[in-house]
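The chain that follows stands alone, in the form predicted alone, written as structure tokens.
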Amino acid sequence: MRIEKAVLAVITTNKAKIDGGAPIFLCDTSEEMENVAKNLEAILDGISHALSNEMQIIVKH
């Protein structure tokens, strides 16, 4: 079985809104969150999507 679509990581500044199975990266500021998302996007060969001002996810399409 090959997984073609998946959430690879969650990056957030709000620890209260997260739980689950994907790796979670907590950031202190929105600037840090955007920088971490940009780096993870390149490292994981995924696409970053902003879900809110406090949360981004990296997905594999």
Partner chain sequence: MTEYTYPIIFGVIVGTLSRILMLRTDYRQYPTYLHGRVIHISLGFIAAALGTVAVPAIMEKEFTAVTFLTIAASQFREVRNMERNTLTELDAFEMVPRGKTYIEGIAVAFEGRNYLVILTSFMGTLAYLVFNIWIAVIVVILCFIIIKKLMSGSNLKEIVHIEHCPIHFEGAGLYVDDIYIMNIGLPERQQEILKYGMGFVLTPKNFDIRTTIANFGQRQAILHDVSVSLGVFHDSGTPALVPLIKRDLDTGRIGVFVLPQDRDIDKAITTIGAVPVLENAIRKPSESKASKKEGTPHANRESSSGRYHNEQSKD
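Positions refer to the first chain, counted from 1. These numbers were taken from a predicted model, which means no experiment stands behind them.
Keep in mind that the form predicted together with its partner chain is missing from the display, and what follows is about it.
No member of the trio Thr12, Ile18 and Leu26 reaches its partner chain in the predicted complex with any non-hydrogen atom inside 4.5 Å.
Taking the partner from elsewhere, Ala22 is found to have every heavy atom lying beyond 4.5 Å of its partner chain in the predicted complex. In the predicted complex, its partner chain lies within 4.5 angstroms of at least one heavy atom of each of the following residues of 21 to 37: Glu34, Ala37, in sequence order.
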